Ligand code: AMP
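Okay, here we've got a single chain as structure tokens, the form predicted on its own, with questions on binding and movement later.
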């Protein structure tokens, strides 16, 4: 099944209480694509980088089954760069540097080969860019998943609501759900958000797992208790990649399939946080993923 991923491919510099990096590879589309590649291939990527972006990394993601025909390279410009420092609990962070660079005027061009995608993942970008992608596809995918953040709620709420009305699944965190809905209680928040259009809503709660809402039904997947957590950067994007990758593999969009996909997404996110950046997403095995999935199953059986 064909999966199209739109998002950022970028540089990150990360500091946590457990270590520090110089510039490393990051960006929502990087995490999403690598995570999804363990379930379905090819992953068709649409993103933009500058001339400073290393060819070795492009080659490395290609080796994981990611098609980079849609990756624009602006040779005279610089890639998007973000730097952040996490507090000791890893739930809060301070942004130190944000340089949009090529992402500031990103125009998502969809190659002809990508036009018949069956599943679409809209990574965290400007709602205007996300809308352009939907409008430029000749046929509507079977399932469209949208990720966004409170920044867009602050500065582009009308455009955000417009794109939310056109998707099937919205994924946000609990703080963002409360802001978007104006409701503190998450069940009420979910009901209000789904009135905006999406059939499904995922509310992520960080170290406390994630909740899937659909009509009057809900499903909770806890986060796994890990021996070590080094870096939460990209965990939400890795979750989204595993979630939609599993759905594309099964080629089903019913509630039961999405429930299982929620757990696979959580399993993939648990690998991501064990090392810095995308490092842990390059060398996983199918058996490791199934073992991690079964750890979730054992944890919630009663």
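The structure presented is a predicted model; accordingly, all values stated were derived computationally and were not measured. Numbering follows the first chain given and starts at 1.
Omitted from view is the form predicted together with ligand AMP, to which the following refers.
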4.5 Å heavy atom contact, residue 119 to ligand AMP in the predicted bound form: no
Residue contact check: residue 149 to ligand AMP in the predicted bound form, 4.5 Å heavy atom: yes
Residue contact check: residue 201 to ligand AMP in the predicted bound form, 4.5 Å heavy atom: no
Contact of residue 281 with ligand AMP in the predicted bound form (heavy atom, 4.5 Å): no
Of 40, 58, 235, 66, the one that lies within 4.5 Å of ligand AMP in the predicted bound form (heavy atoms): 235
Answer option from 114, 82, 213, 230, heavy atom within 4.5 Å of ligand AMP in the predicted bound form: 82
Per-stretch contact check against ligand AMP in the predicted bound form, the hit in 235-243, 248-256, 49-57, 263-271 (non-hydrogen atom, 4.5 angstroms): 235-243
Within 12-32, the residues that have a heavy atom no more than 4.5 Å from ligand AMP in the predicted bound form: 12, 26, 27, 28, 31
